[in-house]
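There is one chain below, alone, in structure tokens, taken in the form predicted on its own.
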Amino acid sequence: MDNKKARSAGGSRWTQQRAAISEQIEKAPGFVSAQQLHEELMHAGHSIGLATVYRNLQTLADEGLLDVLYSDGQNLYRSCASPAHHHHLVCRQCGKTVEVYGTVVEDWARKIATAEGFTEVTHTLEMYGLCAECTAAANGQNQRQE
């Protein structure tokens, strides 16, 4: 994200608070909640309200600058690595997230929407499993128990 711009990609005003949020989320190793991000901002010396963090995260997500993942009853955010529409494969154990692209999913969603008379349809798809490292660790642990 280019924090030097007066306006973000979607045309909204680029404030000092938005710049701080953007910079902090860029440092995050993965997805973070608004509450986690707020705590990190406060710890870094920024005086910013939680409602402001939520509002800015939503704006940045709406503009395609952040990925949003719904997990455990809350939205989680991270800096978006790709502006192209994509989905996520998430490890249930360690949280590792991989961006995946699927024309089959896109074609299916478009076909269903058209068949039902819907237009301007959006969708999200998150898949959860165990990454190779967590699977190997679990298999090693299972072998020791035998």
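Predicted, not measured: the structure shown is a model, and the values here were computed from it. One rule holds for the numbers: they count along the sequence shown, beginning at 1. What we label the rigid core is the largest C-alpha set whose atoms superpose within 1.5 Å from one form to the other.
The same protein also exists as the form predicted in complex with another copy of the chain; that form is not shown, yet it is the one meant from here on.
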Of the candidate stretches 50 to 58, 96 to 104, 23 to 31, 37 to 45, the one with residues having heavy atoms within 4.5 Å of another copy of the chain in the predicted complex is 96 to 104
Does residue 16 reach another copy of the chain in the predicted complex, with heavy atoms at most 4.5 Å apart? no
Within a 4.5 Å heavy atom cut-off, is residue 91 in contact with another copy of the chain in the predicted complex? yes
Any chance residue 137 has a heavy atom within 4.5 Å of another copy of the chain in the predicted complex? no
Heavy atoms within 4.5 Å of another copy of the chain in the predicted complex is the criterion; list the residues of 51 to 72 that meet it. 70
Core-aligned CA displacement of residue 118 at least 2 Å between this form and the one not shown: yes
